[in-house]
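Shown here is one chain on its own, the form predicted alone, set out as structure tokens.
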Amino acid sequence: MSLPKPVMRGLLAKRLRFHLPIAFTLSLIVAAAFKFTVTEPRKQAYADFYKQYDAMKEFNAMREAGIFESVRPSGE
């Protein structure tokens, strides 16, 4: 009762032939899922924010709050 010797010749090539296409396919699926579930909604959120964003209004609000050292509030 002896165990059969494992076949080692060509083992890496055989396993790569099986696992490489699976890994490549799964990586493409995950990349596409990430693009459509994370990056596209994020880009849309930024676009929606900057459609109504008024930089001068924000600047004036920060100036009045006294955040800037180089610009005095209009009351002073």
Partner chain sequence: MLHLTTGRLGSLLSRRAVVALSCSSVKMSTHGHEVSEQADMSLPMYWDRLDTPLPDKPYQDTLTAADKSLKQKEMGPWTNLSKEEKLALYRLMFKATYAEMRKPSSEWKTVMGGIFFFIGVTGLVVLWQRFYMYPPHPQTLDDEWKAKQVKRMLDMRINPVEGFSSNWDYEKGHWK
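Bear in mind that the values here come from a model prediction, so they are computed numbers and not experimental data. Positions refer to the first chain, counted from 1.
Keep in mind that the form predicted in complex with the partner chain is not shown, yet the notes after this line are about it.
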**Complete:** Among L20, A13, A55, A65, just one has a heavy atom within 4.5 Å of the partner chain in the predicted complex, namely A65
**Prompt:** Taking heavy atoms only, is V30 within 4.5 angstroms of the partner chain in the predicted complex?
**Reply:** no
**Message:** Can you tell me whether A45 touches the partner chain? I mean in the predicted complex, with a 4.5 angstroms heavy atom cut-off.
**Reply:** yes
**Partner contact for F49 in the predicted complex: the partner chain, 4.5 angstroms, heavy atom** = yes
